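Included below are structure tokens for two forms of one protein chain, each presented in isolation as structure 1 and structure 2.
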Structure 1
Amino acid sequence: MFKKILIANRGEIAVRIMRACREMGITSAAIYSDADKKSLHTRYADESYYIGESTSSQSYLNKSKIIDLAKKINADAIHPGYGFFSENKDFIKLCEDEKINFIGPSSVSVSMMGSKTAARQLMKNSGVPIVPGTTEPISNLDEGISAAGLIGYPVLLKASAGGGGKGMRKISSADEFKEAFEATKREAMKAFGDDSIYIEKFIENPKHIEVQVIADKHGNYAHLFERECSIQRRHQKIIEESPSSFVDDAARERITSAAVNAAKSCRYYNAGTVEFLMDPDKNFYFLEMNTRLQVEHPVTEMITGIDLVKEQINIAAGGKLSFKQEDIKIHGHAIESRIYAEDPSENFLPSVGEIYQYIPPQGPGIRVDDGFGTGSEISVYYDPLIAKLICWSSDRDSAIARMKRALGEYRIAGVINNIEFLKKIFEHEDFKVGKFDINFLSKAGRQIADELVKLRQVASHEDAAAVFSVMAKEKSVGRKKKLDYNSPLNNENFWTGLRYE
């Protein structure tokens, strides 16, 4: 087993990995930038090393600095978390060449799944259903128009090297094609350094269902069931749950078998996720494979009892899976809410600054994966994810009730956050009965955001006087604040998110 692991990441995922290392008796080494000198992951690690300036390119995305540091401190392995270098085939190949264990898949597997068009062709050859469309990049405008006509509108233009909703456009008619084609290629080049794009049929009202897979280097493969990831804003998930209330036993058997076949097709090992779109008739189509640990992995851990990070480390060290497929059962229901420093009423604009109060919820069935605390800074340089709140219970209804209770207990002050927005989703009738798809927030999100704006309006001079009294006290100690959505002043959440200088 490894003696020391360098965690090439930051925030809540770095802390999550460090906790697994500590339980396994492995020394954890953190890297940190100027912006993260006081961050939780920097302080929690057994060893911490300055890596560079705040910009990612000078720190967390500097290949040579990270590799040189790993060798200098005699780290046995590097865990990339997610984001940054977690799916970078060149970085993984560099680790392989330098004889540093990369806790993840091989560079070959990542390369095979890195191109969306190549992955689609591989899935098609392996019998995994794919969305109707092209399996090669579109070389020119005329070819694209012809292909779209054969597929049938509406279609999606998508970046071959894409992800996270970047480089993607819906086209409803041939009249829109030229402008969208040129714009998508520009976006793809800017975001990924590769302007190749392909075309898929637009699936109406789908669910976003993903399957957790895991495999060792000895040829053992398993799945850990599915996750429901349809609640998204700007193509980014904010609520995930497992299992999906929409997927029945028959559909579960089909989609999990397809996911394992997908992993086998690229000789995959370590943890990975195969993502699908599922239509209202439970037909499903391969979307992509994320060759890394997912942000939402805790919901899978909560219903299976499997620690995915420990499995990752064990597999990278040459061990076998600690379980067999038949050993894994679904126990209860788990839901994850992503707590962001952002303003839902302002199109999810990130909110930066100091967190001057941070009190997470507690109690039975509650897990909080966070990377911040009181006194931490939300920086302009990185993703504004503060924490992940995971709630488990015996069934979906009670898991939702527990989540609502836990969100109500959260106290975050100093930055605007999305807690009230999340609470409104859990109170929505369509969500409660599982009647939603990936378009849920495009339909209901604006209404929810507008409700939050109304909650911020001052109702009386008496209430205003109370608030401005607190403002005066804050200013007397020279601090600029933003009131928490869940501030003690926020009786019935009336003062939700009020900002002042």
Structure 2
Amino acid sequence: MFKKILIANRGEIAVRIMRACREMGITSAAIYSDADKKSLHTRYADESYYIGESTSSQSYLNKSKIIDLAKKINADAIHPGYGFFSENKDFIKLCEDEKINFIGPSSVSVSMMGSKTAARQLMKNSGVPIVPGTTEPISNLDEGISAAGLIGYPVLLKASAGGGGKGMRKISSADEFKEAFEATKREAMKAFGDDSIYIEKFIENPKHIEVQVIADKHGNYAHLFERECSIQRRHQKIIEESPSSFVDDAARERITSAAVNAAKSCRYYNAGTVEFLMDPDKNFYFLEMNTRLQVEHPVTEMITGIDLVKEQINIAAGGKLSFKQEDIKIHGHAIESRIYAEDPSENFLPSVGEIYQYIPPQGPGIRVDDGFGTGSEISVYYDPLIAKLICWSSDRDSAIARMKRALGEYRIAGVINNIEFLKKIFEHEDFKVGKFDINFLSKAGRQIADELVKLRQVASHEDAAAVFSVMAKEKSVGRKKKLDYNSPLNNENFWTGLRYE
């Protein structure tokens, strides 16, 4: 087993990985930039090394500095977390060449999944359902128009090198084709330095369902069921859960075995995720494979009892999966809320500054994966994710009730956050009954943000003073007056950073 792991990441995921290291008796080494001098990951690690200025290119995205440091401190392995170098085949290749264990897949698997058209061809050959469309880039306009005609409008033009929503355009009829074709090519070139594009049938009102897979270097493969990730805004996921209330046993059997086949097709090892769209008739289609540990991995851990990070480390060190597929059952229901330093009533503008009070919720069924505490600073340089709040319970309804309770307990002062916005999603009738798809927040999100704006407009200094005085009394002598804990007006979070005219 490894003796020391360098964690080439920051924030909550760096802390999450260090926790696994500590339990396994492995020394953890953090890297940190100027902006992260006081961050939790810097303080939590057994060893911490300053890596450079705050800009990612000078710190968390500086290949040679990280590799040189790993060698200097005798780290056996590097864990990339998510983002940064987690799916960078050049970095993985560098680790392979330098004989540093990369805690992730081989550079070959990452490359195979990196091209969307190549991945689609691979899936087709492996019997994994793909969205109807082309598996080769479109070489000219006429070829595109004829392919789109055969597929049937509406279609989507997608960048072969894309992913995560960048470089995508919907076309509803042949007249729109020329302009969209040229614009998508230009965008793809600008974003990925590669203007190859291909065509897919546009799937109407799908759910975003992904399957957690895991494999070792000995050819053992398993899946850890699905996650429902449809509650997103501009490709930023906000709420994830497992299992999906939409996926029944028959659909689960089909989608999880498709996902395992996808992993086998690129001789995958490590934890990975196979993303699908599922239409209202429960037909599902491969979208892409994420060759990394994902942000939302905790919901899977909560329902299976498997520690994905420990498994990843064990796999990278040459070990076998610690379990067999037939040993793993879905136990209860887990939901994750991403707590962001963003202002929902100001079009989700990131909010930066020092967190001067941070009190996470506690009690039965609560897990908080955070990277910041009182005194930490949210900076402009990185993702504004403060924490992930994961609630587990025996079924979906009680997990939602627990989530509402936990969000009500959360106190974050100093930066504006999305806690009140999240609460309103959990109170939404359609969310409660599982009636939502990837478009849910484009409508409901706006409504909720508008409600929050209205509440602020009626709020006054006197209201704020009244709430704070009730709260202060509660804290010292117990509750005198029953407050509606679901009302934002009764929560300090709502008042934090409020700009009075």
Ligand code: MV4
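Worth saying up front: this structure is predicted, and the values here are computed from it rather than measured. Each form is matched to the other, and the largest set of C-alpha atoms that superpose within 1.5 Å is called the rigid core. For residue numbers, the reference is structure 1: its sequence is counted from 1.
- Note that the form predicted alone is the one shown as structure 1, not structure 2.
- With the core held fixed, the Cα of D397 is displaced between the two structures by less than 2 Å.
- The two forms, fitted on the rigid core, differ between the two structures by less than 2 Å at the CA of F225.
- Relative to the superposed core, D216 shifts its CA atom by less than 2 Å between the two structures.
- In the core-aligned comparison between the two structures, the Cα atom of A174 sits 3.7 Å away from its counterpart.
- Lined up on the core, R186 has its CA atom moved by 4.0 Å between the two structures.
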